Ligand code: GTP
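Form predicted alone, single chain, as structure tokens, below.
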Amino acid sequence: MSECKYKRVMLKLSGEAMAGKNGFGIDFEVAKRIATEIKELVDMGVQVGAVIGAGNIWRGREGGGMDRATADYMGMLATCINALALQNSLEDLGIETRVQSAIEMKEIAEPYIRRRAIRHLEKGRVVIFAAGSGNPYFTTDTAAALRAAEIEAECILLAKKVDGVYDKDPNKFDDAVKFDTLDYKQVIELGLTVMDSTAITLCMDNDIPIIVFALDEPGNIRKAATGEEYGTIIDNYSKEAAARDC
């Protein structure tokens, strides 16, 4: 088995990934597959934190005429449902897991405490950060970047539906071009919808590389963590930027 390039990583999963082909709710076969891949990393000695979205249950922007803050809080609660489902799948595989919530709900999750989260990671436990950042108007992408900075993760593994970052939607355009590497400024300047601009800026300011990869193929989480030539790497200096500056 390849040696992992990173000691501590933040895995960002979309809520849609948990729905599988159903498109809504939780497909527990998918949750089990994701848990199995996370277990691979843990078995390699990697410390894994995770943030999961809620698009399979609720999106704040779908609240229609609802107050934005209320709609966002509903989304935060939905991330807790996904976090508990993933925790259950991990523990079925014998992986100690803790859910830490930015919104206090002591009956089902620990409150988010940075030092406690780091201690869990050092003990080999997976820590799932639920309820986003605990604030409306911020996405779970931003929560992943924030928590990654707080726990001093060496990179963010950003699981997507496509195998990297393209200049346009590859599902709609046959001539879409994939980037092997990008720098943060390029992502913002080109308007690439990888993560929201707040998340990208947080990663840029804290020098946290982002590895974008497709989740649909088994083994891709390990490939991303071991630094195999796969997906798209976003960091402070890219090959494309180097070529452009020559």
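Source: prediction; values computed, not measured. Residue positions are given as counts along the sequence shown, with the first one as 1.
The next section is about a form of this same protein that is not shown, the form predicted in complex with this ligand.
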## Note on the structure
Only hit among Glu110, Asp163, Glu154, Glu150 for heavy atom within 4.5 Å of this ligand in the predicted bound form is Glu110
### Summary
Note: this ligand not shown here; in the predicted bound form, the stretch from 172-180, 73-81, 138-146, 121-129 having heavy atoms within 4.5 Å of it is 121-129
### Query
Taking the shortest heavy atom distance, is Lys106 within 4.5 Å of this ligand in the predicted bound form?
yes
### Query
Taking the shortest heavy atom distance, is Arg116 within 4.5 Å of this ligand in the predicted bound form?
yes
### Query
Does any residue in 82-103 get within 4.5 Å of this ligand in the predicted bound form, counting heavy atoms only, and if so which ones?
Arg98
